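Next comes just one chain, in structure tokens: the form predicted on its own.
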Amino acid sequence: MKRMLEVALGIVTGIGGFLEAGSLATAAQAGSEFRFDLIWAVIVGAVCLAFLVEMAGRLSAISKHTIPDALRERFGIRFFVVSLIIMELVMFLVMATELGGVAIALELASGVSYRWWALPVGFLAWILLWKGTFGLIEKGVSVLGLVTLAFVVGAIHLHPPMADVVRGALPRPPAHDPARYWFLAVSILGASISPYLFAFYSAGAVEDKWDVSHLTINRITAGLGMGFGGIVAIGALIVAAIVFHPLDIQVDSFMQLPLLLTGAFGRVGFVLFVASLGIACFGAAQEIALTAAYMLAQGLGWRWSENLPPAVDARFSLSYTVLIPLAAIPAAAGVDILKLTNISMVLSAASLPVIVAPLLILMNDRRYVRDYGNGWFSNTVVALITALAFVLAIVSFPLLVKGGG
């Protein structure tokens, strides 16, 4: 029964944690501009994430190493420092978008500008990390994030043409504006396969003291959790395609997005959207803050655990204490959160090779995974993901210039 509860909570975490500012914004933009044509990108992102998350959990359960710890030990401090700098910069930008997303949700609810909410939101995120435990961060906010299932219910309620939806699951050349199409595809992949997600998952496996007996739970959690999370993102894309595309509305502000659910649920939809945006972004911001602190502490050999009092792992706690208020500054300064979201998602996609390629090597190193390394099928899939990561890194910046607006 305890193991079944762990599986259920893992799946809930995957659903509640998948849709955040990046996934929601890119899905809405894709649906409004290209109807159902970019559903395939969400599917590819969810499948890739499921494989990477499963490997991250397996690595930690078998070796008792987190990804940053193993990177430093296996590839040396110089490689780790380069990876660390890249990842910390990307996580800083992504966290800024998530805190901005919460602030925008509060503006929608109160009428007070998001600029005034940014620092209080950052303080609330910090105090929960300072006082909370890993279980609260991992599962507590994610359970509340199940409100995002409203996008799936809304998509069903709006009766999308299933033949067109199915066609959208298959990649095909765009009918118009190829630069924008591929920019959004890369943004969706960057939002779906964010490196912080499997770095956070790896740390969580160590925090929860996983061992060989958890490998089945790990596979189920990775597959079903990320799969259902992808369905939520597809639901948001479908709703945007039905609500925005016929009206030729191009999403250029988060303030337009409440229309997604008001079209399906009326005034209740506004409340559901505000709750979805606020809770999902708040949970993501906390996970990113923890992951940034984890990477520093694990890679540099500091004592770390969200379950320890801050006085016991002071450098770990200081890391997120410094990072959170810094990440709140862009929203407080009035930066366009949607544009920042698009930029951060592209950069997230571009950063994938520094984690994915080394992870593939680690999953075939018997010193870390013993007899539980990747088989030929997993190696083939992850080799394809690695190739995709390098392609994304190459095309991200040109597409940002040509198709990013």
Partner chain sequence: MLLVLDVLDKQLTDRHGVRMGKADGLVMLQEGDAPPRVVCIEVGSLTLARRLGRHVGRWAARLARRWGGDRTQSYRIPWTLVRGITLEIAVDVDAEETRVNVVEDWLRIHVVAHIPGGRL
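Positions refer to the first chain, counted from 1. Computed from a predicted model, the values in this text were never measured in an experiment.
Quick note: we don't show the form predicted in complex with its partner chain, though the next part is all about it.
Not displayed here, its partner chain is kept clear of F34 by more than 4.5 Å at the level of heavy atoms in the model of the complex. Residue contact check for G301: one or more of its heavy atoms lie within 4.5 Å of its partner chain in the model of the complex. Its partner chain is not drawn, but in the model of the complex it has no heavy atom within 4.5 Å of F51. Put simply, R172 is far from its partner chain in the model of the complex: not one heavy atom of it is within 4.5 Å.
Shown here without its partner, the chain carries H245, V381 and A387, none of which come within 4.5 Å of its partner chain in the model of the complex through any heavy atom.
Per the 4.5 Å heavy atom criterion, its partner chain in the model of the complex is contacted by stretch 125-133, the sole one of 125-133, 91-99, 191-199, 143-151. Put simply, of R78, H176, K209, H159 only one has a heavy atom within 4.5 Å of its partner chain in the model of the complex, and it is R78. Taking its partner chain as positioned in the model of the complex, the residues of 363-379 that bring a heavy atom within 4.5 Å of it are, in sequence order, R367, Y368.
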